[in-house]
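First, one chain by itself in structure tokens, the form predicted alone.
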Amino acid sequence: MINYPEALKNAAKSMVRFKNPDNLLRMIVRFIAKEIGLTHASILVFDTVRQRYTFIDSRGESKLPVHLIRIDSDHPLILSFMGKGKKPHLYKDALLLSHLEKFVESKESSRGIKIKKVFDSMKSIKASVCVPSFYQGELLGVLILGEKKDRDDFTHEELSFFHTLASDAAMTIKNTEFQSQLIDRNRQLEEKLAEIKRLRKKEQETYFQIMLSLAREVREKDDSTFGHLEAVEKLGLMTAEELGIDLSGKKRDILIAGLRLHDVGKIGIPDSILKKEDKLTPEEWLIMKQHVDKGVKILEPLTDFKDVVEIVRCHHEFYNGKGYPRGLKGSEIPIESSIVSVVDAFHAMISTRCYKKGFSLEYALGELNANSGEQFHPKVVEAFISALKKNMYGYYKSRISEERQIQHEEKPNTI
């Protein structure tokens, strides 16, 4: 004797484990055919692609040739469940062949003819009981059961069991369908987001290249052809490595961008100030200092390089707090900005510009040491000089010509 409440409880637990609805339905068919002792048990499910009801499985001694049977939405059996209003031929939420027999006599009436079609349809698929599986008024499928092997009638408890099992299965199927749709929508969303990210990255890269072009244009206006940007980048990376700064992944790109783009705001400074051979007046210095804020505004669209904007914003801050534009000091200044400050000042000192000749290597290093702890971060100065002597001292010594080695020259404008 089957304990139906316990069977339903165990079936509910099993349903949770099934991610494929078809496997769940096959499990239900196998269970009913075996435990109830039927000639066959089959299940119909609505196929949204073909727009018809198809057999998922059939089990038992008299199982149906499921691949040979077609059940369209206008099939009498389907229509018997889909009609509106009360359905007097339904018994205990199920369609019983034995219950329909008494209506067949009245086949002259339109109602009798319809019932006869349903009766004949059930006979053709050897169905003694048909149990609909509904979800919010939608007929998802039909559980089709053959005769009991012992020829007994189906009890009220059994019919109630079939109805509850079919309803639970419908709920599980629909939940699985919702989950599948959700996963599919999430996948589509992820694909769209990935495409947006790709386009955004391409846009950022394009904008970054434009900024580099602007930076080169600034140096062509403001500097000699000594390769300032390339040299500052190399010196900056060398100093960062000497300091033990982690340059893995994006950190290296951020530092390089800061070294290349620190003076991009000078594109907005008049040539009359950039190329002025005499010392700048106080009013002109105020205009020159604006290149920091101009650079920040130019770079703000580079949202993937927010740290670069901060490096540019702080590269004229002094270690002692007397720099600009915010008067930051010490550890308040990003270490990358301090690196830019040191290497940019060094290379500016040894380079010939429109308003001055290049200084000697010894003079430039002396100035860095003299301003260590004041304008420059002392640890950065120490690391820079150490790295320079290890790697490039001889190179710069040979590159600086006798004409540019003017000892004890007046200190150049520092911006």
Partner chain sequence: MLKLLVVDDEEEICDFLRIFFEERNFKVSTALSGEEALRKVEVEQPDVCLLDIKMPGLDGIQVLKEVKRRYPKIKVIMVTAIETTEKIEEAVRIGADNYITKPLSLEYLEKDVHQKISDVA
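Predicted model, so just to flag it, every value in this text is computed and none were measured. Positions refer to the first chain, counted from 1. Take the two forms, find the largest set of C-alpha atoms that superpose within 1.5 Å, and that set is the rigid core.
In what follows, reference is made to the form predicted together with its partner chain, a form of this protein that is not presented.
Only one of 363-371, 29-37, 376-384, 46-54 lies within 4.5 Å of its partner chain in the model of the complex by heavy atoms, and it is 46-54. D72 is the sole member of E101, D72, E332, E157 with a non-hydrogen atom within 4.5 Å of its partner chain in the model of the complex. Checked against its partner chain in the model of the complex, the candidates L97, I125, I273, L214 yield a single residue with a heavy atom inside 4.5 Å, and that residue is I125. Within this chain, R59 is remote from the site of its partner chain in the model of the complex, having no heavy atom within 4.5 Å. Its partner chain in the model of the complex comes within 4.5 Å of a heavy atom belonging to S121. None of the heavy atoms of I350 is located within 4.5 Å of its partner chain in the model of the complex. Contacts between 53-74 and its partner chain, taken as any heavy atom within 4.5 Å in the model of the complex, involve T54, K63, L64, P65, V66, H67, L68, I69, R70, D72. Superposed on the core, the two forms differ at H40: its CA moves 2 Å or more between this form and the one not shown. Relative to the superposed core, F346 shifts its CA atom by less than 2 Å between this form and the one not shown. In the core-superposed comparison between this form and the one not shown, the C-alpha atom of S62 has shifted by at least 2 angstroms.
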